[in-house]
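Shown next as structure tokens: one chain only, the form predicted on its own.
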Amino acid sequence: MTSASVPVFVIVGGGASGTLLALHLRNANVQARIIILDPAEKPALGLAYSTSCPQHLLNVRNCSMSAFPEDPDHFLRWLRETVDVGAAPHNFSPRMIFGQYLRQCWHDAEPEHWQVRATDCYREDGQWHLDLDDGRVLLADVVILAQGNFDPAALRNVEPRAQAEGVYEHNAWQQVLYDETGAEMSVVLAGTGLTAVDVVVKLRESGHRGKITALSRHGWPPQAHLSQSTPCVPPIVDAQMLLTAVGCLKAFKKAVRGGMPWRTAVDSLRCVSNRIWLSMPVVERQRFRRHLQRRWDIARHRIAPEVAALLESEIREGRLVFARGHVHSVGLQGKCAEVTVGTSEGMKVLQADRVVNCTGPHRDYLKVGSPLLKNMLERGDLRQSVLGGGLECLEDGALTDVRGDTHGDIFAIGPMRIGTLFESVAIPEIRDQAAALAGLLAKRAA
């Protein structure tokens, strides 16, 4: 240990995942020094909950957003006591409000906050050494990677001048995009998922009225939640069965043909989806990723009814279009973007005042711009998943090195487990992981 009596647990990343883990470690009365490394001045928020747009709503109902799996009403009670005495359990609160809740969780957890980045992490003499960007080296007994989501992968064939002059924006979360997009400007979004929805909502909240065209291979926007929650039913498949991608699809279609609403069928799988996923052979998981993942994502990661109503209104008015096509290149013609789009009918060219990359988080950790992950992967201390992104780990988050070994003192939590797990990005899954990992680490520190 780093000390004769108190072990040091270092959490890399101070967003929702790191905050919830620190909270559960504190609640488990873990006898350890808990340090969170994150350069943010206001930790706990991460990317999703740092938004200042009140129309950015949660995609999960209030009744399912508690930080504690054993106390499902914790967030709802906090919401009623702090924000809105009449908050309904089945409504969708603004994400900025949930950010305030996470800040309270951080305050209750009381971790040490080191406002630095880790640039490397390596084992020497039975301990982890973390190189920090201020020149210090931090020794740790346990390291937990909780870095959340990264920026999207770069679009190919973007003319450098287009980005330099602000016509192309790689990061949809930069405030300059909304400050400098005129009310009548035309906008092309590369992507039609949740990031694209956030951009549409914030542009409209900022006073933008111009036409927005969102492009993806299928042109599918996310589906909407109903105003009332779906009834709870047993899973439509047996989690103990060895399934195939086709088997999953057949089970879903059978349930819907039998009269079960599709949302109910999807939601029935949430409590068993990771067990089903881990029981499937790798080749079947790869097949699912190729052919069914996008269909699942739009059905599973649904948007609040109020957000869906805004999109529907914009589509009816002709101000918003979801279309099939992939952005092949972005050039600069005068002060506008010239966007070459590949479609089933060949290449087409669109003119736009702004182009925004909304393709979702990058999962190739060698290319996300993290020196820490790049160094650890290249040295073989970590191993990327064969499924096309994320890290390989055990179900409890213990990370796997290039030899396939785990050491029990370095873990991942949240989106960084997506290379192994099927569900690992939403608060209900992250809080369950945090509680379980805190329990495991409590035994280690005892």
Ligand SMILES: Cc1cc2nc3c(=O)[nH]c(=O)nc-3n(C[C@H](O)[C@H](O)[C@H](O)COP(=O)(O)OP(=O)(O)OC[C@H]3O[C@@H](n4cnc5c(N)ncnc54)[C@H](O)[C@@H]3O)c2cc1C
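Start at 1 with the first residue shown and count on from there. Every value quoted in this text rests on a predicted model; they were computed, and no experiment measured them.
Separately, the form predicted in complex with the ligand exists; it is not shown, and the next lines address it.
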| item | value |
| --- | --- |
| In the predicted complex, residue 59 touching the ligand (heavy atom, 4.5 Å) | yes |
| Any non-hydrogen atom of residue 377 within 4.5 angstroms of the ligand in the predicted complex | no |
| Contact flag, residue 436 vs the ligand in the predicted complex, heavy atom cut 4.5 Å | no |
| Residue 117: touches the ligand in the predicted complex, heavy atom cutoff 4.5 angstroms | yes |
| The ligand: the contacting residue among 149, 181, 216, 273 in the predicted complex [heavy atom, 4.5 Å] | 149 |
| Position in contact with the ligand when the complex is considered in the predicted complex, options 393, 48, 34, 418, heavy atoms within 4.5 Å | 48 |
| Candidate site 188, 308 and 327: all three near the ligand in the predicted complex by heavy atom within 4.5 Å | no |
| Per-stretch contact check against the ligand in the predicted complex, the hit in 37-45, 66-74, 401-409, 377-385 (non-hydrogen atom, 4.5 angstroms) | 37-45 |
| In the predicted complex: members of 415-446 within 4.5 Å of the ligand, any heavy atom | 415, 425, 426, 427, 428, 430 |
